[in-house]
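The data below hold one chain only, encoded as structure tokens and taken in the form predicted on its own.
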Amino acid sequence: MTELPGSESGPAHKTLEIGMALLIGAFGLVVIFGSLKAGINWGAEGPRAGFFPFYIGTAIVAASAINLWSAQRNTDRRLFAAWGQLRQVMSVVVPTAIYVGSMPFIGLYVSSMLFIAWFMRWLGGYRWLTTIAVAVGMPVLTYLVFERWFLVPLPKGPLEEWLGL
């Protein structure tokens, strides 16, 4: 698709408003159904476990319905963001999600080392020596401060267990 200079394409603001209203509304429904399973009535000891979350879920669904109604009435055709801008956001979101998802399997220290190195080299464009120094130094410093000084154990992976840390 050829575009004129100065014109951009991307998802419409209205489309994302509707999508987020539906997504958050679905979350509210999950909360409501979970609360119904736990019980929303009053027991001998007071309100049951689902009492308060049920009303929170109801408020979430109601607010989402209002947002959905408002978004559908909106006639503004402005963009939420250009595809290039979304690519920049995703270049941070995807590696961060991988970092968080890998932490239970490879531990905090190794995943932090890889995460820092990735960002410094790929997004920051730092030299390899600087990247390696910081990527190794920060997890080592974190280990010393939290595990040795404050005596707070942090999630470890197979490498740390193999090293006896």
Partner chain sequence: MEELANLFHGFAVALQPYNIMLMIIGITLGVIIGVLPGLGGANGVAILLPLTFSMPPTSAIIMLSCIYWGALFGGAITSILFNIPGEPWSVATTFDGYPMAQQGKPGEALTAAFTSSFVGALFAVIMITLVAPLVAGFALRFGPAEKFAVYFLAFCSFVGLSKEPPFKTIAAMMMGFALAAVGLDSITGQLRLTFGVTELLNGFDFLIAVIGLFGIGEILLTMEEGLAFRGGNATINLRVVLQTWCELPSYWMTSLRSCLIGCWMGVTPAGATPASFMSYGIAKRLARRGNNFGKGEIEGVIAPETAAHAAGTSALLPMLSLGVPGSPTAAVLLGGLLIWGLQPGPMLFVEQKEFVWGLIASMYLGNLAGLIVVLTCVPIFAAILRVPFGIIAPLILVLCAIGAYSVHNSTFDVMLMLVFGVLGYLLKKCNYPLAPLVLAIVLGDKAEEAFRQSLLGSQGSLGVFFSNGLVSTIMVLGLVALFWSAIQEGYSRLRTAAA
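Under this definition, the rigid core comprises the largest set of C-alpha atoms superposing within 1.5 Å between the forms. Computed from a predicted model, the values in this text were never measured in an experiment. Positions refer to the first chain, counted from 1.
Only in words, not in the display: the form predicted together with its partner chain, which the text now covers.
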Looking at L129, I56, A26, V140, which is the one with a non-hydrogen atom within 4.5 Å of its partner chain in the predicted bound form? I56
Q72: touches its partner chain in the predicted bound form, heavy atom cutoff 4.5 angstroms: no
Is V110 a contact residue for its partner chain in the predicted bound form, using a 4.5 Å heavy atom cut-off? no
Counting only non-hydrogen atoms and a 4.5 angstroms cut-off, does I106 reach its partner chain in the predicted bound form? no
Applying a 4.5 Å heavy atom distance criterion, does L144 contact its partner chain in the predicted bound form? no
In the predicted bound form, which residues of 14 to 32 put a heavy atom within 4.5 Å of its partner chain? L16, E17, M20, A21, I24, F27, V30, V31
If you line up the core, does P139 shift 2 angstroms or more at its C-alpha between this form and the one not shown? no
Flag for R121, CA shift 2 Å or larger between this form and the one not shown after aligning core: no
On a rigid core superposition, would T58 pass a 2 Å threshold for CA movement between this form and the one not shown? yes
